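Okay, so here's just one chain, in structure tokens, the form predicted alone.
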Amino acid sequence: MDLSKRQQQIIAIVKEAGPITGEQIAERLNLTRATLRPDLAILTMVGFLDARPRVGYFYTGKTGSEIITEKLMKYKVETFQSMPIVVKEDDSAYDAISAMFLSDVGTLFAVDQDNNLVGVVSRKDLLRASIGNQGLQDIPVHIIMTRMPNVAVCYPDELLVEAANRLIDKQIDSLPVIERSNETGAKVVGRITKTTITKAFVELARNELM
């Protein structure tokens, strides 16, 4: 985030004399408290300054990158997860291809009759199935999918950055989000994709530019 000249002056004053009140800062800059209010609000919101009632403003000592990292480490999967696209494990590969293109996704999550996650079907899985001589309507999803427990997953209360690391480490496009405490199986409640991660970073960047 690029700070204005006045915002840089405010930070310098608070570094030198903090804790210091808004009125005292305004007096040093020969401005009114009302004129400074937006700058103080921005600097406090972003994290360069902190404020305490009846005490004043003080410098947090954090750099711009530290502030961004701190905010990023508060992002949870549940905040950014999208709706999962699922197929039944007994559905045909043909049905899976239809679901994939109609939903415009690269990965489908296969579930059993109780809607528990049993596997994942990717574009590559469906491409391999289509190369064979068998009709796609005769090939059930459970034949071509990657089965649990060999499926990378994430949880709603996990940090988004941990899910992002898993996508990178496994070199995959998406992760199913499953309930952490489900004794009867792995219920799918969402999905995290590379697009999800990109949107989170864009949101963070926009907030920093505001």
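Residues carry their position along the shown sequence, with the first being 1. Values in this document were obtained by computation on a predicted structure and should not be read as measured data.
Quick note: we don't show the form predicted in complex with adenosine-5'-diphosphate, though the next part is all about it.
Engineer: Can you say which of 166-174, 41-49, 26-34, 54-62 gets within 4.5 Å of adenosine-5'-diphosphate in the predicted complex, counting heavy atoms only?
Structural biologist: Of the options given, it is 166-174.
Engineer: Counting non-hydrogen atoms within 4.5 angstroms of adenosine-5'-diphosphate in the predicted complex, say which of Ser92, Gln81, Asn116, Ser122 makes the cut.
Structural biologist: Of Ser92, Gln81, Asn116, Ser122, the residue with a heavy atom within 4.5 Å of adenosine-5'-diphosphate in the predicted complex is Ser122.
Engineer: Are any of the heavy atoms in Ile68 no more than 4.5 Å from a heavy atom of adenosine-5'-diphosphate in the predicted complex?
Structural biologist: Contact check for Ile68: no, nothing within 4.5 Å of adenosine-5'-diphosphate in the predicted complex.
Engineer: Taking any heavy atom pair closer than or equal to 4.5 Å as contact, tell me whether Val151 reaches adenosine-5'-diphosphate in the predicted complex.
Structural biologist: Result yes; Val151 sits at the interface with adenosine-5'-diphosphate in the predicted complex.
Engineer: Just to confirm, Lys76 within 4.5 Å of adenosine-5'-diphosphate in the predicted complex by heavy atoms?
Structural biologist: Outside the cut-off, so no.
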